[in-house]
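Just one chain follows, in the form predicted alone, and it is written as structure tokens.
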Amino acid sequence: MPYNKIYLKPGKEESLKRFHPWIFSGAIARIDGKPDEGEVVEVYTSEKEFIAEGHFQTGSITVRVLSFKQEPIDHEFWKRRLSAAYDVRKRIGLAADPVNNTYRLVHGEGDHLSGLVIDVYAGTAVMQAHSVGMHIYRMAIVEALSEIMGDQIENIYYKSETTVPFKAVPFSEDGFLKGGSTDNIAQEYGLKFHVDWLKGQKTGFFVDQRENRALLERYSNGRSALNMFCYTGGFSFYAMRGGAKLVHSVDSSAKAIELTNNNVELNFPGDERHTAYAEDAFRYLDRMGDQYDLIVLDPPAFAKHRKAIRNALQGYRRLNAKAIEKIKPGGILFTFSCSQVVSKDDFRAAVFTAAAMSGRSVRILHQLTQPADHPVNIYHPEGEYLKGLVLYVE
């Protein structure tokens, strides 16, 4: 079936020649036909030369590119793209690792599948659509994924109610598209955890902090650790395995504290080194003393759009200033931003300002980012969203 055609304004094909996977509404001269939300369209230059095809939707990003060549978006297409993503995970040693059955299988633009995220937790894949097109093609994706991974994936859970643009509603209900197992325990580097893919944030666990949690474990021996914005407690149980003498987990959500306690108990039953508090982060930092020499600041995205950047940077400065001020001499601070619109330089400047406000001597030990199963498409630098610093505070 022929696809509807979109024609660009003169000169607006330059980013596509550099293989950038987004086409913004301001670049479009005209649309032939009336494509539905999520429909595949072909994109042509002002000289009527084919340049890309992708999913159409109303909004700032009008087309999410699927391919830079003319090809049918069919079962074989999905199978090729998902196979390529799976092959990367096998080659970097994540898929079929006996001590780690948790990894990101598809990372949107980083795997040339703009608008799609798939995380694997043991025998369950959790699929999340961030575009109308990926929502519409969800069953085609399920069929291709089942064919590629066979019995390695017994269940596929669709979790997109909060991520699909409103235009796809009312047909974006969460639920199992394959299987229906209630076994939600997965493993990361030998540590077990419950995954709340029904009501949890993102796909149920923050897979992107795996390597940074492992790094924290190396610094934990004999230290008193504070895990702020703990969510499921990932950094907490890594600190405990690393030999921390006490670990305090803090989150404003009582549900998160319940998840953290369950995960700590799963790995360290009856261990009295851990205590969790349901409390606002800034309030806790205000009242806490100087008992910690290892602090993790991993807040939710302070800015989800560019208009919020200024307030976000103020939040990062305030948060880090409190931690740097109160951490023990010789303390180590892991601090992060997962806001895509906050650049690496802006985040670093906010932390530098916080350090200067404290008047303490601060060194950078590590500069952190997302792991290899969250690859950044070299033509789509916006995909580098996770920024982190490990600081030594005298």
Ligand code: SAH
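These numbers come from a predicted model, not from an experiment. Numbering starts at 1 and follows the sequence shown.
The form predicted in complex with the named molecule exists for this protein as well; it is not shown, and the discussion that follows is about that form.
>> Contact with the named molecule in the predicted bound form for residue 230, defined as at least one heavy atom pair within 4.5 Å: yes or no?
In response: The answer is yes: residue 230 has a heavy atom within 4.5 Å of the named molecule.
> Using heavy atoms and a 4.5 Å limit, would one call residue 206 a contact residue for the named molecule in the predicted bound form?
Replying inline: Contact with the named molecule, yes.
>> I'd like to know whether residue 281 contacts the named molecule in the predicted bound form, with contact meaning heavy atoms within 4.5 angstroms.
In response: Residue-level check for residue 281: yes, a contact with the named molecule.
>> residue 299 versus the named molecule, in the predicted bound form: is there a non-hydrogen atom within 4.5 Å?
In response: Close contact exists here: in the predicted bound form, residue 299 approaches the named molecule to within 4.5 Å, heavy atoms only.
> Between the options 100, 262, 252, 83, which residue brings a heavy atom to within 4.5 Å of the named molecule in the predicted bound form?
Replying inline: Flagged contact: 252.
> Only one of 157, 235, 316, 121 has a non-hydrogen atom within 4.5 angstroms of the named molecule in the predicted bound form; which is it?
Replying inline: Of 157, 235, 316, 121, the residue with a heavy atom within 4.5 Å of the named molecule in the predicted bound form is 235.
> Which among 208-216, 112-120, 85-93, 320-328 is in contact with the named molecule in the predicted bound form, heavy atoms within 4.5 angstroms?
Replying inline: The contacting stretch is 208-216.
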